[in-house]
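In structure tokens, the next block holds one chain alone, the form predicted on its own.
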Amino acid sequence: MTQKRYQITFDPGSEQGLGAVVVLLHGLLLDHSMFSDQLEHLAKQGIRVISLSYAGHGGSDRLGVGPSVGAMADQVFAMLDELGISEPVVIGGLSMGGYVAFAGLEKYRQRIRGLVLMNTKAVPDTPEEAANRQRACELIRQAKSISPLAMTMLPRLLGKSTMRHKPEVWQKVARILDCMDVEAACDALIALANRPDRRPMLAGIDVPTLVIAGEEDLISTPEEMELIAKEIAGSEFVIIPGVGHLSTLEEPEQVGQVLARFLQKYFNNDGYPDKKRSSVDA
């Protein structure tokens, strides 16, 4: 048996449906389970959906190369090769997943036919933000636990409405964070601190694109997400009410509906661009 060229966690529950292939990429220190509701919803719409956990996340081994969003994108497309998926895919990423999606578009343009950017950024870290990530890495190494970082992250990840009314979402995110390996977390933090500025590439994006923002997102604000959408010609922009940074967990059904409408607008069930285009409503 040949050795796999990727170290991504991929299990049977991470792939559902038939039709146009959509790959969903998760956020910092999380895993593929943040898309579990969307997998089920989209599969019922005649879409083949794949979610995954990057190397070092979801119990998988760390990357054998220096951490970067480009290396994460390489792993994603190596996984698609192993699955025998050669046709272009729709790639969607939330937060860090958006950074990986940008890297994938830069490196594998001919293999991407659509783009979904959820609660993410095009700007790089400021020097202060990059330094904060390095300090966070030092902190969790000293603690030998992800807990100090998790406790500071959680209140910013979730919207105020979720914090007040959906304790089960807080608990789910906390459980995922608790499973994160300290060194793998540092890999991810370093990758984000060193990510490039993607603003120069926005005007050149020429695939159907959906941009999703959370109304209460303090990290990737609706205003910042709208600026991304305005730079991408013909893109769709949707604000999900009452959610923060983790829209797929905070309002899973609504996000699933928005994704489904976008995919049905541009892609038919055979996975080819659909010439019959209807409007996408929020």
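Numbers for residues come from their place in the sequence shown, where the first is 1. Owing to the predicted nature of the structure, the values given are computational and were not obtained by experimental measurement.
The same protein also exists as the form predicted together with a small molecule; that form is not shown, yet it is the one meant from here on.
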Handout entry: Heavy atom distance at most 4.5 Å to the small molecule in the model of the complex, all of F102, L105 and A191
Key = no
Exercise for the section: Mark T209 yes when one of its heavy atoms lies within 4.5 Å of a heavy atom of the small molecule in the model of the complex, and no otherwise. Expected result: no
Practice task
Answer yes if any heavy atom of I219 is within 4.5 Å of a heavy atom of the small molecule in the model of the complex; otherwise answer no.
Solution key: yes
Practice task
Mark H245 yes when one of its heavy atoms lies within 4.5 Å of a heavy atom of the small molecule in the model of the complex, and no otherwise.
Solution key: yes
Handout entry: Partner proximity in the model of the complex: M180 to the small molecule, non-hydrogen atom cutoff 4.5 Å
Key = no
Exercise for the section: Mind telling me which stretch in 42 to 50, 222 to 230, 247 to 255, 26 to 34 gets its heavy atoms within 4.5 Å of the small molecule in the model of the complex? Expected result: 26 to 34
Problem - Residue (of M96, M72, L149, L115) lying close to the small molecule in the model of the complex, criterion heavy atoms within 4.5 Å - result: M96
Practice task
Identify, from the list K166, K172, R133, R111, the residue with a heavy atom within 4.5 Å of the small molecule in the model of the complex.
Solution key: R133
